[in-house]
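Before any questions on binding or motion, here is one chain by itself as structure tokens, the form predicted on its own.
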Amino acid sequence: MSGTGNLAGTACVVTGSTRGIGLAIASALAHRDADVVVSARTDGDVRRVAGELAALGSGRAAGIGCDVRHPEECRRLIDSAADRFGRLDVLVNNAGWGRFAPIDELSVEHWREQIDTNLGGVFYCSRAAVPHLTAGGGGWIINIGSLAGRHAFAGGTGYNASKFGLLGMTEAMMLDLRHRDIRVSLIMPGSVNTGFRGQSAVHDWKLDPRDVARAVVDLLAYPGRALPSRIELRPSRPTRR
């Protein structure tokens, strides 16, 4: 799995992978002949995207619905993926959600949904994946975070909390698992053209989802002796303020 652009025989799970960054990551893995499980909340979407990915390379693709806020669904996702492909090598925790409002306007429900999705989902999926990764002799857990995990912004009470927490959790996971040959990395993109914060316009200066996917593929190509534990990915020339 290291030192080569081809990922044939590599079994991967990507959460939140029917659109945006997750879809770009799943597509990049499929293009390199990996076996890929697509996952999101809607069963129809995951089946449709899995069918599209199956045509991109020689690897297999499957769609498994999962709401990462629920630990039992995360375990079913991971166990089903490992059973489908006979192993698990890579988990990309990409599923995320944001609701932006001042603290006094942010509802308790929206607070909980952000924490449960952006932080809890990573914990539930990663915890379920560790036995499978260990059984296969190691692998990767790659968490997709955000520069909002280091830089707070007004209206980001819940989102910043979840992404700051993800940074700390990922670093602790890396220390827990590195001697089991499980490498853990965090990719922290800045502004990406996904419409995530309700912005429908395309801005040429922003990152493309494929830029984040490239970072994932590059990580998987590193030799076993190397662990890039955190990647901060920024637009090269953002608009001047």
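Sequential numbering from 1, following the sequence displayed. Fair warning: this is a prediction, and the values are worked out from it, not measured in the lab.
The same protein has a further form, the form predicted together with a small molecule, not shown here; the description that follows concerns it.
With the small molecule omitted here, the record of contacts in the model of the complex names 41-49 of 176-184, 26-34, 41-49, 55-63, defined by a heavy atom within 4.5 Å.
Proximity of R69 to the small molecule in the model of the complex falls within the 4.5 Å heavy atom cutoff. Mapping the unseen interface onto this chain, S80 falls outside it, with no heavy atom inside 4.5 Å of the small molecule in the model of the complex.
Within this chain, T10 is remote from the site of the small molecule in the model of the complex, having no heavy atom within 4.5 Å. In the model of the complex, the small molecule stays beyond 4.5 Å of every heavy atom belonging to V90.
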